[in-house]
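One chain follows as structure tokens, the form predicted on its own.
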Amino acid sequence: MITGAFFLLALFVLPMWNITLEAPQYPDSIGMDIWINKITDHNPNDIKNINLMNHYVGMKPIPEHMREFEIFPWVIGVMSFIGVAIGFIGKKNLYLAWFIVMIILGAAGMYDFYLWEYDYGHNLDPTAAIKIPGQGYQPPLIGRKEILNFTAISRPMSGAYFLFAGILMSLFAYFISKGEELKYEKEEAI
């Protein structure tokens, strides 16, 4: 349980998500890495190029600041601390409770990300140079999607894998402790 809770802290040093755009005019592709507190270029000048390209279809610039960048680090820090404390307490039901809370928080985070992508791809400037009626430019939440002559690819990065592993470790700790409890009860019965 303690190790899993510490795995969450990897989000402070590793990116969570990546969105990449592939197109003939960008043979090396362009993309952005999403962290818990910022969005950065995947390669030098990628965000600048994405913003220039998106301007023509009326999309907003990639934000330098979002309210989530203030909230997510606190959530991760607090949940990691609580997870370590639960690990020291050693109560199996608390392991399960932490797992459930983390699943709920993760689902809320993914939903928030989807809403941001939806707004970003559909709330377009009506005075944009290029207008295609009914066309949205929302990248996929996860996976690949064709958007005009671009292939948008959205996928988790190393930070997300540490997060998933940490959450799963708490569930594993719950089942291990439950097994030890059953073993102890059998030994007492004998």
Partner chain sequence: MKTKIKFIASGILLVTIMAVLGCTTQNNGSGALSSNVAERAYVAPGEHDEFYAFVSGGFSGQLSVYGLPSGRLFRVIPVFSVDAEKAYGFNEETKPMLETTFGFIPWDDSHHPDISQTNGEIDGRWVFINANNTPRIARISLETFETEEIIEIPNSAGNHSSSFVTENTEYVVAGTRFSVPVPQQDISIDEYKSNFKGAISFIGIDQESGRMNLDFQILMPGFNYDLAHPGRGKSHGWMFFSTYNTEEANTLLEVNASQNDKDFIAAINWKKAEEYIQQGRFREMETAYAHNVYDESTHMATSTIKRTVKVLDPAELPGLVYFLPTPKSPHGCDVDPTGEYIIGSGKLSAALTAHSFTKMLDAIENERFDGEAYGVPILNYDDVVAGVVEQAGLGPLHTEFDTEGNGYTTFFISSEVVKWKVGTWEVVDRKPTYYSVGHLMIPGGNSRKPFGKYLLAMNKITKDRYLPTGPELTQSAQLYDISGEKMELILDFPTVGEPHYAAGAPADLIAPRSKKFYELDDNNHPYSIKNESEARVERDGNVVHIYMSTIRSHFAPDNIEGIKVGDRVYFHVTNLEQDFDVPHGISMIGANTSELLIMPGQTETFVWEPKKVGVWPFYCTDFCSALHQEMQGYVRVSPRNSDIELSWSLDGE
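Numbering follows the first chain given and starts at 1. Because the structure is a prediction, the values reported are computed rather than measured.
The same protein has a further form, the form predicted in complex with its partner chain, not shown here; the description that follows concerns it.
> If we define contact as a non-hydrogen atom of the residue within 4.5 angstroms of the partner, is A129 a contact of its partner chain in the predicted complex?
Looking in the predicted complex, residue contacts with its partner chain include A129, since a heavy atom lies within 4.5 Å.
> Would F164 count as touching its partner chain in the predicted complex under a 4.5 Å heavy atom rule?
Judged by the heavy-atom cut-off of 4.5 Å, F164 is well away from its partner chain in the predicted complex.
> How about R155 - does it come within 4.5 Å of its partner chain in the predicted complex, if we only consider non-hydrogen atoms?
Answer no; every heavy atom of R155 is more than 4.5 Å from its partner chain in the predicted complex.
> Given that the partner is absent here, does W35 sit within 4.5 Å of its partner chain in the predicted complex, heavy atoms only?
Although its partner chain is absent here, W35 would stay clear of it in the predicted complex, with no heavy atoms inside 4.5 Å.
> Identify, from the list D125, E146, E64, D28, the residue with a heavy atom within 4.5 Å of its partner chain in the predicted complex.
Of the listed residues, the single hit is D28.
> Each of N45, L52 and Y56 having a non-hydrogen atom within 4.5 Å of its partner chain in the predicted complex: is that the case here?
Heavy-atom distance to its partner chain in the predicted complex: all three under 4.5 Å.
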